[in-house]
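The chain that follows stands alone, in the form predicted on its own, written as structure tokens.
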């Protein structure tokens, strides 16, 4: 059904490592999003049903809007239970790394992953992965790690036995990493996967409502404030910028996930081709998110200036410094990317 993007040797290597491993730990990147959580919990469900001793470890707390995912309550949060997370990683027979391409993306858990004697598998869709594992499965052309994982499971003969719960997790990751299939989603195989997931009796409308359309009053007020008071339009560069300080986040009782999707909102404005969102997560640490339309390469900006990357229309990175300095850097480099803008005049 699906085009084989993964070599037979790698498929067999993954099957063999899973088969002979007694304790398996799945880990994803810090500030886990829908793709990270979806892929981790889908694989967790599959392995657990096969009788494996399996755990999911996240570097920090998953966002509130993803806690509806089956298995989310079983996750070991590294920032909350560091000793348990460290012991799991160091005692594992196999560590499966999902949805990150570099060890620094697991933050303080990095030395425990690299220092573990466990065999390691990396399954990811980001560009330029570090090869710190025994089996590397990297397909940047895939829109999400969940889509890549589903294809791998199919090649391993495991997709047929996937439960409805695992299918919900896979669909959530695919949906959130494409903005509800509004970008990076022109691959026909993506919709073949959705068709197979629907056969598992998932309710995609319910998943959408839980992930995207369930809000606290604080989240609604924060997003309203961000769009009304904080959104800056730079028409000469066809760009929009939103920046939120830690104090502003605290004012609205911010929790992780409250700004999910906010970066996409300015793209609905005619003439805006890319959007930048800066969020001050900690003093002197700013999370950078970017989205774009057409052929504008926000991954290039993130790679050039924010130690990150991603896909053409969806990318991210980080900035070590004040929110004001991050804004200054963004504004200073805008002319360098005008060559990628659509030449049509802004209406």
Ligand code: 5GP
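Numbering follows the first chain given and starts at 1. All values derive from a computational prediction rather than experimental measurement. Note that the rigid core is defined as the largest set of C-alphas that superpose within 1.5 Å between two forms.
Not pictured, yet referred to below: the form predicted in complex with the named molecule.
**Q** Even though the partner isn't displayed, in the model of the complex is residue 70 close enough to the named molecule, meaning a heavy atom within 4.5 Å?
**A** Residue 70 lies outside the contact set for the named molecule.
**Q** Even though the named molecule is not shown here, does residue 256 get within 4.5 Å of it in the model of the complex, heavy atoms only?
**A** Result no; residue 256 lies far from the named molecule in the model of the complex.
**Q** In the model of the complex, does residue 47 have a heavy atom within 4.5 Å of the named molecule?
**A** So residue 47 does not count as contacting the named molecule.
**Q** Does residue 314 reach the named molecule in the model of the complex, with heavy atoms at most 4.5 Å apart?
**A** Yes, contact at 4.5 Å.
**Q** Scan 292, 58, 65, 289 and let me know which has any heavy atom within 4.5 Å of the named molecule in the model of the complex.
**A** When the named molecule is considered in the model of the complex, the option within 4.5 Å is 289.
**Q** Quick one: of 105, 119, 86, 210, which gets a non-hydrogen atom within 4.5 angstroms of the named molecule in the model of the complex?
**A** Result of the distance check: 105.
**Q** Among 97-105, 266-274, 144-152, 165-173, which stretch sits within 4.5 Å of the named molecule in the model of the complex, heavy atoms only?
**A** Selected stretch: 97-105.
**Q** For the heavy atom contacts within 4.5 Å of the named molecule in the model of the complex, list the residues of 106-137 involved, in sequence order.
**A** Result: 126 alone.
**Q** Checking residue 184 here: with the core superposed, does its CA move 2 Å or more between this form and the one not shown?
**A** It does, since the residue 184 C-alpha is displaced 2 Å or more between this form and the one not shown after the core fit.
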